[in-house]
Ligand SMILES: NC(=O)c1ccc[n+]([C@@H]2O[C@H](COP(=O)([O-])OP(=O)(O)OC[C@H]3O[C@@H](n4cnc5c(N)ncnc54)[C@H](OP(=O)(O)O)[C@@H]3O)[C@@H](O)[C@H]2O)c1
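Listed next as structure tokens is one chain, alone, in the form predicted alone.
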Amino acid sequence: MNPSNEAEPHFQGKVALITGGSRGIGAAVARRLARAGVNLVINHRSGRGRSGELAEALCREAEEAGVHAISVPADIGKKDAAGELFSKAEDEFGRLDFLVLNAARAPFKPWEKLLERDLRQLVETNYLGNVFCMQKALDPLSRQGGAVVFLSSLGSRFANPDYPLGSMKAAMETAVKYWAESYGDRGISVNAVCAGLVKTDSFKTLRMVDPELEKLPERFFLSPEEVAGVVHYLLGPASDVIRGQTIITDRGVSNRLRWPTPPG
């Protein structure tokens, strides 16, 4: 991340909190916002291991780009931990303008093989965690108005027997509509981005349980940076007229029921 000449008045000096921000789409969003002049709170689940290292490296990149960034480990599925995350953001910056709900955690296995701990993980991280974050973000976002973007996936509307996470994504897309209606009068816009096939660490796992994905033409795949561009758009002035919507960002892969098998 080089020092930026892309700072934008709407974003300059504001603060974004990104859950699951150390890698993949979350990291791409962090870089895109840093270039626009946004200070960052980069959340990741554990302070140890690879995620912690990536988050710290991302903070250094952001500082080189001319913004301030902090890394805060917290399991948002735990209400107290989510509260501590937002308290640290408040202590460091004294404001919050943008919330990007990107964190996700789930097993890739059929429904009949889900253990109780799998089900609790699905609900705690991917639904309750987002609700806890929204509850904690309401007061700071209401002070000067702000925007929330939730990262969804095509699993929210198309069945994949090994992707139970899709059910939680669908639930959150519904929550986005409720939140947009409930909090619009407080100056908070809420939308979602439903990303298609994005080559992240999660996709590598999904590809193992669904080898058919390998047969799709390369033109159907997105980069994390392309998804981040849509998030950036929804956090900008356009969010004033887009409320409670889920923007499908998939290069049109969901427009057809069947795609021709590529030659060879």
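Sequential numbering from 1, following the sequence displayed. Small disclaimer: the values here were computed from a predicted structure and weren't measured.
As for the form predicted together with this ligand, it is not shown, yet the points below apply to it.
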Report task. Could you confirm whether T200 comes within 4.5 Å of this ligand in the predicted complex, counting heavy atoms only? Result -> yes
So in the predicted complex, is this ligand close enough to R105 to count as touching (4.5 Å, heavy atoms)?
yes
Item to complete: Mark G37 yes when one of its heavy atoms lies within 4.5 Å of a heavy atom of this ligand in the predicted complex, and no otherwise.
Response: no
task = Determine whether any heavy atom of V15 comes within 4.5 Å of a heavy atom of this ligand in the predicted complex, and answer yes or no.
result = no
Residue within 4.5 Å of this ligand in the predicted complex by heavy atom, from I76, L141, A89, V148, is I76
Assert contact_stretch over 90-98, 188-196, 173-181, 111-119 against this ligand in the predicted complex, heavy atom within 4.5 Å, equals 188-196
Contacts from 141-172 to this ligand in the predicted complex (any heavy atom within 4.5 Å), listed N to C, are L151, S152, S153, Y163, L165, K169
